[in-house]
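The chain below stands alone, shown as structure tokens; this is the form predicted alone.
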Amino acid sequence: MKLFDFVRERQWVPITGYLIYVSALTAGYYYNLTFVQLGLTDLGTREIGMAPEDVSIVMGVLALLTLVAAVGSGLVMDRRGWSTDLYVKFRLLFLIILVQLLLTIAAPFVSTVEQFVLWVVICSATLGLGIPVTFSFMLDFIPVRDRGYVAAVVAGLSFFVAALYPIEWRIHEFSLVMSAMMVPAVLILAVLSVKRFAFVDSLAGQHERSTFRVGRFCRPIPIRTLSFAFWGPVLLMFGVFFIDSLGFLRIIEEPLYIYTSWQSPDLSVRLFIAVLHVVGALAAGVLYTNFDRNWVFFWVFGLFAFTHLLYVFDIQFGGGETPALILPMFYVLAVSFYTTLNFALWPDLSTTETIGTHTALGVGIAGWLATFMSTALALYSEGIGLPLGSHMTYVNALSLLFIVALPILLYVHRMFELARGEVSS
């Protein structure tokens, strides 16, 4: 890792960049993972009393508005040069977290459907702007050869904390935890937004170095936005996020599964899951760094297919007995794998000219749109009374579909490239 070289040479400024990136992305993903995805579902269904189908519509609106805000922000940032201006990104992040802090404090007091929808609309604007701002930090702080490992640290830490605290997935708990985390961040960013520092000036120039400015998959030829090399991974990551949320949000509604794993009163069970998240993320970081990204996709879809198959078998033949920890174990590994891939992939498909647009499209479509479309669909299937066994069978079928589709897509793309080469010659 390049980080070890920095430590050995006592280059503290680049090391500070690593710390800033890991802190910002870990906190941001923890917020989205817990407060937004789980907390808003609790707020709509339990606190306000909305039907799951109605909450699913609101979550769908959140996904679409976040995508629009992300793409618009990414395009503007690239065209104005803000994607490579660290001080501008610090100011934008200050505004984002300040508004989110106010929204987080206000969330437990939302009591009507109208207030809930208004809250979601404002939140989606901040989330959308936050995608190109935070994901483009990889360009400023992390050398290309370290990105897989650093992405693994972010994913592992986010899930480690989420697995241990809070125990109760309730909007009041999430609001208290996130508000306490945001206040120091707002104060620090307020200072960085109005005052220049020598170490920030040094960090701001790192993106001009060859080890930072061009992503791993943009060498020697940069990947264009309108190309299969970009939209292929977008489609695959969309499938990964969609499959995850579609299965997970139904599993956690079953007391037999949720209270013997993620919300178990036994600390050792939750600690086992937390540690496994870290192990899975680090393994994904090693695979991402040393192998082609398509192998990581194979692992992710294979793990999801196997995991959902285990749940289907347990639902059909478990007889209501306490499920084995092997069920959440494989789920945890799959989630850690794809989350690591998500943090590292989009910057590595980008250059200084495309980082804002590519991260906005990649995370906005493959992350937010897929997650909350599947969240909406999971809530809808619960609302219409679709049995969990049938639901998980459909989810497993989707996983197997993507396993089959991946080599087919690669084969078709290769044939297209060969045919184009023959025509040009």
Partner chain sequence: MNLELIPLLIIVLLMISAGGVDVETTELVIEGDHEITEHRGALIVGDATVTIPDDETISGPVYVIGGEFQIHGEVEGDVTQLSGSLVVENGGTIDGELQHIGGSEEFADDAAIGERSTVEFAPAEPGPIAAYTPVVLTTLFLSLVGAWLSRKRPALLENVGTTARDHPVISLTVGALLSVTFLAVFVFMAFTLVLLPVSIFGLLIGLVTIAYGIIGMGYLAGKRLDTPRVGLATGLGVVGIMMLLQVVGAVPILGDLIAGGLLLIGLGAVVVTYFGLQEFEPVSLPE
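Everything quoted here is computed from the prediction, not taken from an experiment. Residue numbers count along the first chain shown, from 1.
Only in words, not in the display: the form predicted in complex with the partner chain, which the text now covers.
K.L.:
Taking heavy atoms and a 4.5 Å cut-off, does Arg91 contact the partner chain in the predicted complex?
P.N.:
Result no; Arg91 lies far from the partner chain in the predicted complex.
K.L.:
With a 4.5 Å heavy atom cut-off, would you call Val332 a contact of the partner chain in the predicted complex?
P.N.:
Close contact is absent here: in the predicted complex, Val332 is far from the partner chain, nothing within 4.5 Å, heavy atoms only.
K.L.:
I'd like to check something about Asn290: if you look in the predicted complex, is any of its heavy atoms closer than or equal to 4.5 Å to a heavy atom of the partner chain?
P.N.:
Asn290 belongs to the contact set for the partner chain.
K.L.:
So, Leu267 and the partner chain: in the predicted complex, are they within 4.5 Å at any heavy atom pair?
P.N.:
The answer is no: Leu267 has no heavy atom within 4.5 Å of the partner chain.
K.L.:
Just one stretch in 189 to 197, 81 to 89, 237 to 245, 139 to 147 has heavy atoms within 4.5 Å of the partner chain in the predicted complex, so which one is it?
P.N.:
Going by heavy atoms within 4.5 Å, the stretch is 139 to 147.
K.L.:
Between Leu309, Val278, Leu256, Leu103, only one gets a heavy atom within 4.5 angstroms of the partner chain in the predicted complex; which residue is that?
P.N.:
Checked against the cut-off, the match is Leu309.
K.L.:
Quick one: of Phe116, Phe160, Trp299, Phe230, which gets a non-hydrogen atom within 4.5 angstroms of the partner chain in the predicted complex?
P.N.:
Contact residue from the list: Trp299.
K.L.:
What I'd like checked is whether Ile15, His207 and Leu226 together line the partner chain in the predicted complex, meaning each has a non-hydrogen atom within 4.5 Å of it.
P.N.:
No.
K.L.:
Across 190 to 222, which residues bring a heavy atom to within 4.5 Å of the partner chain in the predicted complex?
P.N.:
Thr211, Arg216, Arg219, in sequence order.
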